[in-house]
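Here we start with a single chain on its own, the form predicted on its own, put down as structure tokens.
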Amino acid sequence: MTDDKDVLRDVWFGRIPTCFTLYQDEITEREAEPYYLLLPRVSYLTLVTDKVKKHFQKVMRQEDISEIWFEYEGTPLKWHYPIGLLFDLLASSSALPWNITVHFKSFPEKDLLHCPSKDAIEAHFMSCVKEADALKHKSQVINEMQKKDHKQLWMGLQNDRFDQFWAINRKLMEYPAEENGFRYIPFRIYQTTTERPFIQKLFRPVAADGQPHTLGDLLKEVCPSAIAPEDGERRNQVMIHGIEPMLETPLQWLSEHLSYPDNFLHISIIPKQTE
């Protein structure tokens, strides 16, 4: 892979200032102060909110506490989506800090998966990494790794260790010199305007004539409404990690540098704010 280490670092160390507030109907023994935290964009809510949980449980009785879940402006937050994706999709136009409401009751079974332990997060994360490698290398790279390498990927993410994570992840971002990129690009495109959770299709990084495919090429093929409405004026922002990459950016470069730790490009299509 081309070594733009600064880009990898900037992506890894992206943070979102967040204010957690306990839902008003939760029963407490004294007033619950809000809790402020810088959330890592590349991680998962249930992985980085132990302190939030402890903070609010201090003012609650044990019998009033069941599984914790989070909500933003009425939308339950899916813990199995990376934090940066949740913010870009739901809150990118709002002022900071991001205001998240904390619940310990009335778990929304229809909207959220249960997260009984950190093992559930690890299992979800590793299954995404394996799916991405099936697309990129027919699973050859991940299958050649040892169990301890898989563990190092997970521990690097869990403990926020950039070098530990990338020492292994680097191998997942390589491809044979005679090829111009991965077999297929692992991506998911999300829109709040549809019921469908996300769009995911097979898409190669290089066209049949050898030309590199760009972000614009991908969107034209799998989500044309995102970039070209009938009257010619773009009504959407295309966002990855809180930035709008140029549509001319080669998809292979994006996949190597702006994928989340699960090795997927998580692309948000958000309606543009009218002034």
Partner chain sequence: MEEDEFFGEKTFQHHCSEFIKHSQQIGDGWEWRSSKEVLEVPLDDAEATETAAASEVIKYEYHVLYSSSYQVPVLYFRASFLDGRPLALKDIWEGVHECYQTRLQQGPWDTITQQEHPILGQPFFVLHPCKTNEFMAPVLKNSQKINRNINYITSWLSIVGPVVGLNLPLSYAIATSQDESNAL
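Numbering follows the first chain given and starts at 1. The structure displayed is predicted, hence computed values, not measured ones.
The same protein also has a form predicted in complex with the partner chain, omitted here; what follows describes it.
Visitor: Any chance E195 has a heavy atom within 4.5 Å of the partner chain in the predicted complex?
Guide: Judged by the heavy-atom cut-off of 4.5 Å, E195 is in contact with the partner chain in the predicted complex.
Visitor: I'd like to know if L135 sits close to the partner chain in the predicted complex, meaning any non-hydrogen atom pair within 4.5 angstroms.
Guide: So L135 counts as contacting the partner chain.
Visitor: Contact between Y81 and the partner chain in the predicted complex at 4.5 Å, heavy atoms?
Guide: It does: once the partner chain is placed as it appears in the predicted complex, Y81 has a heavy atom within 4.5 Å of it.
Visitor: N159: heavy atom within 4.5 Å of the partner chain in the predicted complex?
Guide: Result no; N159 lies far from the partner chain in the predicted complex.
Visitor: Heavy atoms, 4.5 Å, the partner chain in the predicted complex: which of 159-167, 86-94, 172-180, 199-207 makes the cut? Say which one.
Guide: Flagged stretch: 199-207.
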